[in-house]
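Alright, two takes on the same chain below, each alone as C-alpha coordinates: structure 1 and structure 2.
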Structure 1
(Lines of atoms letter the chains of each structure in order from A and count residues from 1; the text may use other names and numbers.)
(Lines give C-alpha, C1' and ligand atoms only; values in the text may rest on other atoms or scores of the structure.)
Protein backbone atom coordinates (compact mmCIF):
# COMPACT_ATOMS: atom_id res chain seq x y z
CA UNK A 1 0.00 0.00 0.00
CA UNK A 2 2.55 2.53 1.03
CA UNK A 3 3.47 4.20 -2.21
CA UNK A 4 7.23 4.65 -2.37
CA UNK A 5 6.95 8.25 -3.53
CA UNK A 6 4.91 9.32 -0.52
CA UNK A 7 6.70 11.16 2.19
CA UNK A 8 6.21 10.26 5.80
CA UNK A 9 4.30 13.49 6.29
CA UNK A 10 2.00 12.57 3.40
CA UNK A 11 1.29 9.24 5.03
CA UNK A 12 0.54 10.91 8.34
CA UNK A 13 -1.73 13.46 6.71
CA UNK A 14 -3.55 10.86 4.66
CA UNK A 15 -4.41 8.75 7.66
CA UNK A 16 -4.76 11.54 10.15
CA UNK A 17 -8.50 11.19 10.51
CA UNK A 18 -8.18 7.50 11.27
CA UNK A 19 -5.93 8.18 14.24
CA UNK A 20 -6.97 8.19 17.88
CA UNK A 21 -6.67 11.14 20.21
CA UNK A 22 -3.21 10.37 21.56
CA UNK A 23 -2.05 9.45 18.09
CA UNK A 24 -3.29 12.73 16.64
CA UNK A 25 -1.43 14.52 19.38
CA UNK A 26 1.68 12.62 18.40
CA UNK A 27 1.10 13.22 14.71
CA UNK A 28 0.83 16.95 15.28
CA UNK A 29 4.01 16.91 17.28
CA UNK A 30 5.77 15.09 14.44
CA UNK A 31 4.47 17.40 11.74
CA UNK A 32 5.38 20.41 13.79
CA UNK A 33 9.01 21.02 12.98
CA UNK A 34 8.97 18.09 10.59
CA UNK A 35 11.08 16.08 9.95
CA UNK A 36 13.55 16.97 12.66
CA UNK A 37 11.15 16.18 15.47
CA UNK A 38 11.24 12.53 14.47
CA UNK A 39 14.98 12.20 14.58
CA UNK A 40 15.44 11.11 18.20
CA UNK A 41 14.68 7.81 19.88
CA UNK A 42 11.16 6.54 20.34
CA UNK A 43 11.39 7.62 23.97
CA UNK A 44 12.34 11.19 23.09
CA UNK A 45 9.63 11.46 20.49
CA UNK A 46 7.06 10.14 22.95
CA UNK A 47 8.16 12.59 25.60
CA UNK A 48 8.04 15.54 23.23
CA UNK A 49 4.51 14.64 22.22
CA UNK A 50 3.51 13.88 25.82
CA UNK A 51 2.36 10.39 24.96
CA UNK A 52 3.66 6.96 25.92
CA UNK A 53 6.16 4.99 23.91
CA UNK A 54 3.62 2.27 23.06
CA UNK A 55 1.50 4.92 21.39
CA UNK A 56 4.41 5.79 19.15
CA UNK A 57 5.16 2.18 18.40
CA UNK A 58 1.53 1.44 17.63
CA UNK A 59 1.06 4.46 15.42
CA UNK A 60 4.04 3.88 13.17
CA UNK A 61 2.86 0.33 12.62
CA UNK A 62 -0.65 1.58 11.94
CA UNK A 63 0.83 3.92 9.32
CA UNK A 64 2.37 0.97 7.57
CA UNK A 65 5.95 0.95 8.80
CA UNK A 66 7.54 -2.23 10.03
CA UNK A 67 8.48 -0.58 13.29
CA UNK A 68 10.03 2.51 14.71
CA UNK A 69 13.46 1.89 13.18
CA UNK A 70 11.85 1.48 9.77
CA UNK A 71 9.90 4.69 10.25
CA UNK A 72 13.03 6.51 11.32
CA UNK A 73 15.17 5.33 8.46
CA UNK A 74 12.53 6.69 6.09
CA UNK A 75 12.78 10.02 7.84
CA UNK A 76 16.56 9.92 7.50
CA UNK A 77 16.18 9.45 3.77
CA UNK A 78 13.91 12.44 3.60
CA UNK A 79 16.28 14.55 5.63
CA UNK A 80 19.02 13.54 3.26
CA UNK A 81 16.92 14.46 0.24
CA UNK A 82 16.15 17.84 1.73
CA UNK A 83 19.66 18.59 2.83
CA UNK A 84 21.40 17.57 -0.34
CA UNK A 85 19.28 20.08 -2.26
CA UNK A 86 21.84 22.44 -3.85
CA UNK A 87 20.25 25.54 -2.42
CA UNK A 88 20.46 24.21 1.11
CA UNK A 89 24.10 23.41 0.59
CA UNK A 90 24.70 26.83 -0.82
CA UNK A 91 23.03 28.26 2.19
CA UNK A 92 25.16 26.29 4.58
CA UNK A 93 28.32 27.44 2.87
CA UNK A 94 27.19 31.02 2.82
CA UNK A 95 26.30 30.96 6.48
CA UNK A 96 29.90 30.09 7.25
CA UNK A 97 31.03 33.26 5.56
CA UNK A 98 30.79 36.42 7.63
CA UNK A 99 27.55 38.25 6.88
CA UNK A 100 25.23 36.21 4.72
CA UNK A 101 24.66 37.49 1.22
CA UNK A 102 21.70 39.77 0.75
CA UNK A 103 20.09 37.28 -1.64
CA UNK A 104 20.00 34.66 1.09
CA UNK A 105 18.78 37.02 3.75
CA UNK A 106 16.09 38.29 1.44
CA UNK A 107 15.04 34.80 0.49
CA UNK A 108 14.72 33.88 4.16
CA UNK A 109 12.55 36.88 4.86
CA UNK A 110 10.31 36.37 1.83
CA UNK A 111 9.78 32.75 2.66
CA UNK A 112 8.81 33.72 6.18
CA UNK A 113 6.39 36.30 4.82
CA UNK A 114 4.84 33.87 2.39
CA UNK A 115 4.47 31.23 5.05
CA UNK A 116 2.88 33.61 7.52
CA UNK A 117 0.57 35.14 4.93
CA UNK A 118 -0.63 31.75 3.77
CA UNK A 119 -1.22 30.66 7.33
CA UNK A 120 -3.28 33.76 8.01
CA UNK A 121 -5.17 33.87 4.76
CA UNK A 122 -8.67 32.52 4.65
CA UNK A 123 -9.21 30.22 1.69
CA UNK A 124 -12.88 31.18 1.68
CA UNK A 125 -11.99 34.87 1.34
CA UNK A 126 -9.72 34.03 -1.54
CA UNK A 127 -12.37 31.99 -3.28
CA UNK A 128 -15.02 34.64 -2.73
CA UNK A 129 -12.82 37.35 -4.18
CA UNK A 130 -12.00 35.15 -7.16
CA UNK A 131 -15.72 34.64 -7.74
CA UNK A 132 -16.46 38.36 -7.51
CA UNK A 133 -13.67 39.16 -9.93
CA UNK A 134 -14.94 36.66 -12.45
CA UNK A 135 -18.40 38.14 -12.76
CA UNK A 136 -18.24 40.18 -15.96
CA UNK A 137 -21.29 42.30 -15.14
CA UNK A 138 -19.42 43.95 -12.31
CA UNK A 139 -17.25 46.86 -13.36
CA UNK A 140 -13.74 46.35 -12.08
CA UNK A 141 -11.53 49.20 -10.87
CA UNK A 142 -7.92 49.06 -9.67
CA UNK A 143 -6.03 51.68 -7.74
CA UNK A 144 -2.65 51.79 -6.03
CA UNK A 145 -0.42 54.31 -4.31
CA UNK A 146 2.99 55.59 -5.18
CA UNK A 147 4.74 52.25 -4.73
CA UNK A 148 1.83 49.89 -5.07
CA UNK A 149 0.68 51.52 -8.30
CA UNK A 150 2.82 49.06 -10.21
CA UNK A 151 1.01 46.16 -8.54
CA UNK A 152 -2.37 47.62 -9.43
CA UNK A 153 -1.17 47.99 -13.00
CA UNK A 154 0.07 44.41 -13.10
CA UNK A 155 -3.25 43.08 -11.83
CA UNK A 156 -5.15 45.34 -14.20
CA UNK A 157 -3.14 44.34 -17.27
CA UNK A 158 -3.99 40.69 -16.74
CA UNK A 159 -7.63 41.18 -15.84
CA UNK A 160 -8.10 43.40 -18.84
CA UNK A 161 -7.27 40.42 -21.03
CA UNK A 162 -9.38 37.98 -19.05
CA UNK A 163 -12.57 40.03 -18.87
CA UNK A 164 -14.19 43.22 -20.14
CA UNK A 165 -15.23 46.23 -18.14
CA UNK A 166 -11.92 46.75 -16.38
CA UNK A 167 -10.39 50.09 -15.43
CA UNK A 168 -7.10 51.25 -13.92
CA UNK A 169 -7.41 54.44 -11.92
CA UNK A 170 -4.70 56.97 -12.57
CA UNK A 171 -2.31 57.31 -9.69
CA UNK A 172 -3.17 60.97 -9.59
CA UNK A 173 -5.82 61.21 -6.89
CA UNK A 174 -7.36 64.40 -8.25
CA UNK A 175 -8.93 62.42 -11.09
CA UNK A 176 -10.53 59.82 -8.83
CA UNK A 177 -13.92 61.52 -8.36
CA UNK A 178 -14.66 61.10 -12.06
CA UNK A 179 -14.14 57.36 -11.78
CA UNK A 180 -16.36 57.14 -8.72
CA UNK A 181 -19.01 59.00 -10.63
CA UNK A 182 -19.19 56.14 -13.12
CA UNK A 183 -19.30 53.33 -10.57
CA UNK A 184 -22.51 51.33 -10.28
CA UNK A 185 -23.75 49.28 -7.35
CA UNK A 186 -22.05 45.88 -7.37
CA UNK A 187 -18.92 47.17 -9.11
CA UNK A 188 -15.62 46.15 -7.55
CA UNK A 189 -12.86 48.47 -6.43
CA UNK A 190 -9.52 46.80 -5.71
CA UNK A 191 -7.37 49.01 -3.51
CA UNK A 192 -3.68 48.59 -2.72
CA UNK A 193 -2.69 50.49 0.37
CA UNK A 194 0.46 49.57 2.22
CA UNK A 195 2.10 51.34 5.18
CA UNK A 196 2.38 55.16 5.03
CA UNK A 197 -1.29 54.77 4.16
CA UNK A 198 -2.45 57.43 1.78
CA UNK A 199 -5.18 59.59 3.21
CA UNK A 200 -6.93 59.90 -0.13
CA UNK A 201 -7.40 56.11 -0.27
CA UNK A 202 -9.82 56.20 2.66
CA UNK A 203 -11.81 58.97 1.07
CA UNK A 204 -11.89 57.06 -2.19
CA UNK A 205 -13.02 53.88 -0.45
CA UNK A 206 -15.75 55.77 1.41
CA UNK A 207 -17.00 57.48 -1.72
CA UNK A 208 -17.02 54.25 -3.74
CA UNK A 209 -18.83 52.46 -0.92
CA UNK A 210 -21.52 55.14 -0.93
CA UNK A 211 -21.99 54.50 -4.65
CA UNK A 212 -22.64 50.85 -3.79
CA UNK A 213 -19.31 49.43 -4.95
CA UNK A 214 -17.80 46.41 -3.19
CA UNK A 215 -14.28 47.05 -1.98
CA UNK A 216 -11.33 44.68 -1.81
CA UNK A 217 -8.22 45.88 0.01
CA UNK A 218 -4.66 44.60 -0.20
CA UNK A 219 -2.80 45.90 2.82
CA UNK A 220 -0.12 44.97 5.34
CA UNK A 221 -0.46 43.34 8.72
CA UNK A 222 -1.24 46.66 10.40
CA UNK A 223 -4.11 47.29 8.00
CA UNK A 224 -4.93 50.42 6.07
CA UNK A 225 -7.80 52.52 7.48
CA UNK A 226 -9.59 51.75 4.21
CA UNK A 227 -10.40 48.23 5.44
CA UNK A 228 -13.39 49.51 7.35
CA UNK A 229 -15.14 49.99 4.03
CA UNK A 230 -13.89 46.69 2.60
CA UNK A 231 -15.94 43.60 1.88
CA UNK A 232 -12.76 41.50 1.69
CA UNK A 233 -9.26 42.23 2.92
CA UNK A 234 -5.91 40.59 2.22
CA UNK A 235 -3.37 41.28 4.93
CA UNK A 236 0.04 40.50 3.57
CA UNK A 237 3.35 40.25 5.41
CA UNK A 238 5.62 42.83 3.84
CA UNK A 239 8.72 43.05 6.02
CA UNK A 240 12.10 42.51 4.43
CA UNK A 241 15.69 43.10 5.51
CA UNK A 242 15.51 46.38 3.65
CA UNK A 243 14.60 50.02 4.09
CA UNK A 244 11.66 49.25 1.81
CA UNK A 245 8.70 46.99 2.23
CA UNK A 246 8.45 43.89 0.09
CA UNK A 247 5.68 43.44 -2.47
CA UNK A 248 6.65 39.91 -3.42
CA UNK A 249 3.94 38.16 -1.42
CA UNK A 250 1.31 40.63 -2.57
CA UNK A 251 2.25 39.85 -6.15
CA UNK A 252 2.01 36.17 -5.30
CA UNK A 253 -1.62 36.56 -4.23
CA UNK A 254 -2.38 38.66 -7.28
CA UNK A 255 -1.06 35.96 -9.56
CA UNK A 256 -2.94 33.24 -7.73
CA UNK A 257 -6.14 35.27 -8.06
CA UNK A 258 -5.49 35.84 -11.75
CA UNK A 259 -5.18 32.10 -12.25
CA UNK A 260 -8.27 31.36 -10.15
CA UNK A 261 -10.38 33.79 -12.18
CA UNK A 262 -8.89 32.69 -15.45
CA UNK A 263 -9.56 29.00 -14.88
CA UNK A 264 -13.13 29.62 -13.72
CA UNK A 265 -13.93 31.54 -16.87
CA UNK A 266 -11.71 29.67 -19.27
CA UNK A 267 -14.19 29.41 -22.13
CA UNK A 268 -14.72 33.11 -22.53
CA UNK A 269 -11.14 33.97 -21.66
CA UNK A 270 -9.60 31.69 -24.25
CA UNK A 271 -11.80 33.31 -26.89
CA UNK A 272 -10.67 36.74 -25.78
CA UNK A 273 -7.03 35.70 -25.84
CA UNK A 274 -7.31 34.38 -29.37
CA UNK A 275 -8.88 37.60 -30.49
CA UNK A 276 -6.16 39.55 -28.76
CA UNK A 277 -3.48 37.50 -30.52
CA UNK A 278 -5.12 38.40 -33.79
CA UNK A 279 -5.06 42.06 -32.92
CA UNK A 280 -1.37 41.95 -32.06
CA UNK A 281 -0.71 40.23 -35.34
CA UNK A 282 -2.50 42.95 -37.22
CA UNK A 283 -0.53 45.64 -35.43
CA UNK A 284 2.71 44.00 -36.48
CA UNK A 285 1.49 43.79 -40.07
CA UNK A 286 0.55 47.46 -40.06
CA UNK A 287 4.10 48.33 -39.09
CA UNK A 288 5.73 46.14 -41.66
CA UNK A 289 3.50 47.41 -44.44
CA UNK A 290 3.58 50.98 -43.26
Structure 2
Protein backbone atom coordinates (compact mmCIF):
# COMPACT_ATOMS: atom_id res chain seq x y z
CA UNK A 1 0.00 0.00 0.00
CA UNK A 2 1.38 3.42 -0.92
CA UNK A 3 2.20 5.97 1.77
CA UNK A 4 -0.50 8.29 0.42
CA UNK A 5 -3.24 5.76 1.12
CA UNK A 6 -1.94 4.44 4.45
CA UNK A 7 -3.88 5.00 7.63
CA UNK A 8 -2.26 5.40 11.04
CA UNK A 9 -3.12 1.76 11.76
CA UNK A 10 -1.30 0.73 8.57
CA UNK A 11 1.79 2.60 9.69
CA UNK A 12 1.65 0.98 13.14
CA UNK A 13 1.28 -2.50 11.67
CA UNK A 14 4.06 -1.94 9.13
CA UNK A 15 6.55 -0.93 11.81
CA UNK A 16 5.29 -3.11 14.65
CA UNK A 17 8.25 -5.51 14.67
CA UNK A 18 10.71 -2.63 14.96
CA UNK A 19 9.09 -1.34 18.16
CA UNK A 20 10.34 -1.95 21.68
CA UNK A 21 8.38 -4.11 24.12
CA UNK A 22 6.71 -1.09 25.72
CA UNK A 23 5.98 0.44 22.33
CA UNK A 24 4.39 -2.82 21.14
CA UNK A 25 2.19 -2.77 24.23
CA UNK A 26 1.16 0.78 23.32
CA UNK A 27 0.59 -0.17 19.68
CA UNK A 28 -1.68 -3.05 20.67
CA UNK A 29 -3.66 -0.74 22.94
CA UNK A 30 -4.11 1.76 20.09
CA UNK A 31 -5.18 -0.92 17.62
CA UNK A 32 -7.61 -2.63 20.01
CA UNK A 33 -10.13 0.21 19.80
CA UNK A 34 -8.83 2.08 16.78
CA UNK A 35 -9.12 4.99 16.13
CA UNK A 36 -10.95 6.06 19.30
CA UNK A 37 -8.09 4.84 21.51
CA UNK A 38 -5.78 7.47 20.06
CA UNK A 39 -8.07 10.48 20.38
CA UNK A 40 -7.42 11.22 24.06
CA UNK A 41 -4.62 13.27 25.56
CA UNK A 42 -1.11 11.83 25.52
CA UNK A 43 -1.45 11.16 29.25
CA UNK A 44 -4.72 9.26 28.80
CA UNK A 45 -3.29 7.19 25.94
CA UNK A 46 -0.27 6.32 28.06
CA UNK A 47 -2.40 5.36 31.06
CA UNK A 48 -4.73 3.18 28.98
CA UNK A 49 -1.75 1.30 27.55
CA UNK A 50 0.02 1.19 30.92
CA UNK A 51 3.16 2.80 29.53
CA UNK A 52 4.90 6.09 30.23
CA UNK A 53 4.12 9.36 28.48
CA UNK A 54 7.67 9.50 27.00
CA UNK A 55 7.02 6.07 25.45
CA UNK A 56 4.04 7.52 23.57
CA UNK A 57 6.10 10.49 22.41
CA UNK A 58 8.97 8.28 21.23
CA UNK A 59 6.75 5.84 19.40
CA UNK A 60 4.80 8.39 17.37
CA UNK A 61 8.09 9.95 16.26
CA UNK A 62 9.45 6.51 15.37
CA UNK A 63 6.33 6.05 13.23
CA UNK A 64 7.24 9.16 11.27
CA UNK A 65 5.09 11.82 12.90
CA UNK A 66 6.52 15.15 14.04
CA UNK A 67 5.02 14.63 17.47
CA UNK A 68 1.86 13.61 19.27
CA UNK A 69 -0.20 16.58 17.93
CA UNK A 70 0.73 15.56 14.36
CA UNK A 71 -0.15 11.94 15.11
CA UNK A 72 -3.52 12.92 16.58
CA UNK A 73 -4.23 15.31 13.72
CA UNK A 74 -3.92 12.41 11.28
CA UNK A 75 -6.34 10.37 13.38
CA UNK A 76 -8.85 13.23 13.44
CA UNK A 77 -8.62 13.48 9.64
CA UNK A 78 -9.37 9.77 9.34
CA UNK A 79 -12.35 10.00 11.69
CA UNK A 80 -13.71 13.02 9.79
CA UNK A 81 -13.37 11.14 6.49
CA UNK A 82 -15.12 8.01 7.75
CA UNK A 83 -18.14 9.83 9.19
CA UNK A 84 -18.63 12.28 6.30
CA UNK A 85 -22.27 12.40 5.20
CA UNK A 86 -23.44 13.02 1.60
CA UNK A 87 -23.98 16.74 2.22
CA UNK A 88 -20.45 17.22 3.57
CA UNK A 89 -18.92 15.23 0.72
CA UNK A 90 -20.85 17.19 -1.89
CA UNK A 91 -19.77 20.52 -0.43
CA UNK A 92 -16.13 19.42 -0.36
CA UNK A 93 -16.14 18.27 -3.97
CA UNK A 94 -18.19 21.24 -5.22
CA UNK A 95 -15.83 23.77 -3.64
CA UNK A 96 -12.83 22.24 -5.45
CA UNK A 97 -14.46 21.23 -8.72
CA UNK A 98 -12.54 22.24 -11.86
CA UNK A 99 -14.33 23.56 -14.94
CA UNK A 100 -14.25 20.27 -16.83
CA UNK A 101 -17.37 18.21 -17.54
CA UNK A 102 -18.60 15.90 -14.78
CA UNK A 103 -18.04 12.89 -17.05
CA UNK A 104 -14.34 13.71 -17.28
CA UNK A 105 -14.02 14.53 -13.59
CA UNK A 106 -15.77 11.31 -12.62
CA UNK A 107 -13.73 9.21 -15.04
CA UNK A 108 -10.47 10.68 -13.71
CA UNK A 109 -11.49 9.94 -10.11
CA UNK A 110 -12.60 6.38 -10.85
CA UNK A 111 -9.49 5.55 -12.87
CA UNK A 112 -7.38 6.90 -10.02
CA UNK A 113 -9.34 4.77 -7.55
CA UNK A 114 -8.84 1.69 -9.71
CA UNK A 115 -5.10 2.23 -10.12
CA UNK A 116 -4.57 2.83 -6.40
CA UNK A 117 -6.70 -0.14 -5.36
CA UNK A 118 -4.91 -2.50 -7.75
CA UNK A 119 -1.59 -1.25 -6.39
CA UNK A 120 -2.71 -1.94 -2.84
CA UNK A 121 -4.32 -5.36 -3.36
CA UNK A 122 -2.11 -8.39 -2.89
CA UNK A 123 -2.60 -10.83 -5.78
CA UNK A 124 -2.08 -13.74 -3.37
CA UNK A 125 -5.00 -12.50 -1.25
CA UNK A 126 -7.21 -12.34 -4.34
CA UNK A 127 -6.20 -15.87 -5.38
CA UNK A 128 -6.74 -17.24 -1.87
CA UNK A 129 -10.23 -15.75 -1.68
CA UNK A 130 -11.10 -17.11 -5.13
CA UNK A 131 -9.98 -20.56 -4.00
CA UNK A 132 -12.07 -20.37 -0.81
CA UNK A 133 -15.14 -19.27 -2.76
CA UNK A 134 -14.63 -22.20 -5.16
CA UNK A 135 -14.97 -24.84 -2.45
CA UNK A 136 -18.63 -25.98 -2.54
CA UNK A 137 -18.51 -27.75 0.82
CA UNK A 138 -18.04 -24.39 2.53
CA UNK A 139 -21.26 -22.58 3.34
CA UNK A 140 -21.12 -19.13 1.74
CA UNK A 141 -22.95 -16.17 3.29
CA UNK A 142 -23.22 -12.57 2.05
CA UNK A 143 -24.28 -9.43 3.86
CA UNK A 144 -24.16 -5.70 3.18
CA UNK A 145 -25.38 -2.44 4.63
CA UNK A 146 -27.94 0.13 3.52
CA UNK A 147 -26.00 0.98 0.34
CA UNK A 148 -23.63 -1.99 0.02
CA UNK A 149 -26.47 -4.48 0.37
CA UNK A 150 -26.94 -4.16 -3.40
CA UNK A 151 -23.33 -5.28 -3.92
CA UNK A 152 -23.79 -8.23 -1.58
CA UNK A 153 -26.94 -9.27 -3.47
CA UNK A 154 -25.19 -8.93 -6.85
CA UNK A 155 -22.30 -11.12 -5.69
CA UNK A 156 -24.70 -13.64 -4.14
CA UNK A 157 -26.86 -13.86 -7.29
CA UNK A 158 -23.89 -14.91 -9.41
CA UNK A 159 -22.34 -17.24 -6.85
CA UNK A 160 -25.71 -18.93 -6.33
CA UNK A 161 -25.59 -20.04 -9.97
CA UNK A 162 -21.92 -21.05 -9.85
CA UNK A 163 -22.05 -23.16 -6.68
CA UNK A 164 -24.45 -24.58 -4.08
CA UNK A 165 -24.73 -23.80 -0.37
CA UNK A 166 -24.99 -20.02 -0.80
CA UNK A 167 -27.03 -17.64 1.36
CA UNK A 168 -27.86 -13.92 1.35
CA UNK A 169 -28.53 -12.56 4.82
CA UNK A 170 -31.66 -10.51 5.35
CA UNK A 171 -31.32 -6.74 5.57
CA UNK A 172 -33.01 -7.01 8.98
CA UNK A 173 -30.11 -7.39 11.41
CA UNK A 174 -32.40 -8.76 14.13
CA UNK A 175 -32.64 -11.98 12.12
CA UNK A 176 -28.86 -12.46 11.78
CA UNK A 177 -28.47 -14.72 14.84
CA UNK A 178 -30.49 -17.41 13.01
CA UNK A 179 -28.03 -17.32 10.13
CA UNK A 180 -25.06 -17.49 12.49
CA UNK A 181 -26.67 -20.51 14.16
CA UNK A 182 -26.35 -22.41 10.87
CA UNK A 183 -22.71 -21.49 10.26
CA UNK A 184 -20.14 -24.24 10.62
CA UNK A 185 -16.36 -24.10 11.02
CA UNK A 186 -14.81 -23.26 7.66
CA UNK A 187 -17.89 -21.53 6.26
CA UNK A 188 -17.36 -18.14 4.64
CA UNK A 189 -19.04 -14.84 5.54
CA UNK A 190 -18.55 -12.03 3.00
CA UNK A 191 -19.21 -8.62 4.56
CA UNK A 192 -19.54 -5.29 2.75
CA UNK A 193 -19.03 -2.30 5.05
CA UNK A 194 -17.89 1.16 3.96
CA UNK A 195 -17.61 4.44 5.83
CA UNK A 196 -20.24 5.40 8.33
CA UNK A 197 -19.62 1.81 9.34
CA UNK A 198 -22.39 -0.23 10.92
CA UNK A 199 -21.79 -1.60 14.40
CA UNK A 200 -24.06 -4.53 13.59
CA UNK A 201 -21.45 -5.71 11.05
CA UNK A 202 -18.79 -5.85 13.76
CA UNK A 203 -21.08 -7.83 16.06
CA UNK A 204 -21.98 -10.20 13.21
CA UNK A 205 -18.34 -10.75 12.28
CA UNK A 206 -17.43 -11.48 15.89
CA UNK A 207 -20.31 -13.95 16.30
CA UNK A 208 -19.53 -15.72 13.02
CA UNK A 209 -15.85 -15.92 13.94
CA UNK A 210 -16.76 -17.60 17.23
CA UNK A 211 -18.68 -20.21 15.20
CA UNK A 212 -15.50 -20.92 13.23
CA UNK A 213 -16.52 -19.08 10.06
CA UNK A 214 -13.86 -17.32 8.02
CA UNK A 215 -14.58 -13.65 7.35
CA UNK A 216 -13.93 -11.78 4.09
CA UNK A 217 -14.48 -8.02 4.29
CA UNK A 218 -14.93 -5.53 1.45
CA UNK A 219 -14.36 -2.06 2.84
CA UNK A 220 -12.85 1.33 2.02
CA UNK A 221 -9.35 2.74 2.37
CA UNK A 222 -9.92 3.60 6.04
CA UNK A 223 -11.14 0.07 6.89
CA UNK A 224 -14.27 -1.02 8.72
CA UNK A 225 -13.81 -2.08 12.36
CA UNK A 226 -15.01 -5.51 11.19
CA UNK A 227 -11.60 -6.17 9.57
CA UNK A 228 -10.22 -7.13 12.99
CA UNK A 229 -12.14 -10.40 12.58
CA UNK A 230 -11.34 -10.89 8.89
CA UNK A 231 -9.11 -13.54 7.37
CA UNK A 232 -9.00 -11.58 4.11
CA UNK A 233 -9.75 -7.92 3.45
CA UNK A 234 -10.23 -5.90 0.26
CA UNK A 235 -9.67 -2.21 0.94
CA UNK A 236 -11.05 -0.26 -1.99
CA UNK A 237 -10.72 3.41 -2.92
CA UNK A 238 -14.24 4.91 -2.98
CA UNK A 239 -13.83 8.71 -3.27
CA UNK A 240 -15.67 10.35 -6.19
CA UNK A 241 -16.76 13.88 -7.18
CA UNK A 242 -20.18 13.25 -5.72
CA UNK A 243 -22.17 13.35 -2.51
CA UNK A 244 -22.01 9.54 -2.64
CA UNK A 245 -19.14 7.11 -2.46
CA UNK A 246 -18.29 5.18 -5.60
CA UNK A 247 -18.90 1.42 -5.84
CA UNK A 248 -17.26 1.04 -9.27
CA UNK A 249 -13.96 -0.43 -8.07
CA UNK A 250 -15.67 -2.69 -5.52
CA UNK A 251 -17.84 -4.05 -8.33
CA UNK A 252 -14.72 -4.54 -10.46
CA UNK A 253 -13.18 -6.79 -7.79
CA UNK A 254 -16.46 -8.68 -7.34
CA UNK A 255 -16.71 -9.40 -11.05
CA UNK A 256 -13.06 -10.44 -11.24
CA UNK A 257 -13.67 -12.89 -8.38
CA UNK A 258 -16.79 -14.23 -10.08
CA UNK A 259 -14.79 -14.93 -13.22
CA UNK A 260 -11.94 -16.52 -11.26
CA UNK A 261 -14.33 -18.84 -9.42
CA UNK A 262 -16.40 -19.86 -12.43
CA UNK A 263 -13.27 -20.50 -14.51
CA UNK A 264 -11.80 -22.80 -11.87
CA UNK A 265 -15.07 -24.71 -11.50
CA UNK A 266 -16.33 -24.48 -15.07
CA UNK A 267 -17.31 -28.14 -15.50
CA UNK A 268 -19.60 -27.99 -12.47
CA UNK A 269 -20.71 -24.42 -13.16
CA UNK A 270 -21.66 -25.10 -16.77
CA UNK A 271 -23.79 -28.07 -15.68
CA UNK A 272 -25.56 -25.91 -13.11
CA UNK A 273 -26.19 -23.24 -15.78
CA UNK A 274 -27.69 -25.82 -18.14
CA UNK A 275 -29.92 -27.12 -15.37
CA UNK A 276 -31.01 -23.60 -14.47
CA UNK A 277 -31.85 -22.79 -18.09
CA UNK A 278 -33.94 -25.94 -18.19
CA UNK A 279 -35.79 -24.88 -15.08
CA UNK A 280 -36.48 -21.48 -16.62
CA UNK A 281 -37.91 -23.21 -19.69
CA UNK A 282 -40.12 -25.44 -17.55
CA UNK A 283 -41.42 -22.56 -15.45
CA UNK A 284 -44.02 -20.61 -17.41
CA UNK A 285 -43.50 -17.45 -15.37
CA UNK A 286 -39.86 -17.26 -16.49
CA UNK A 287 -40.28 -18.65 -20.02
CA UNK A 288 -38.28 -16.71 -22.61
CA UNK A 289 -40.17 -14.56 -25.10
CA UNK A 290 -39.67 -14.87 -28.86
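Computed from a predicted model, the values in this text were never measured in an experiment. Definition used throughout: the rigid core is the maximal C-alpha set that superposes within 1.5 Å between two forms. Residue numbers count along the first chain shown, from 1.
Comparing the two isolated copies of the chain, the second one is the form predicted alone. Once the rigid core is used as the reference frame, the Cα position of residue 73 differs between structure 1 and structure 2 by 2 Å or more. With a cut-off of 2 Å and the rigid core superposed, residue 274 has a Cα displacement that falls short of the cut-off between structure 1 and structure 2.
Here residue 29 counts as shifted, since its C-alpha moves by at least 2 Å between structure 1 and structure 2 after the core is aligned.
Once the rigid core is matched between structure 1 and structure 2, the CA atom of residue 13 is found 32.4 Å away.
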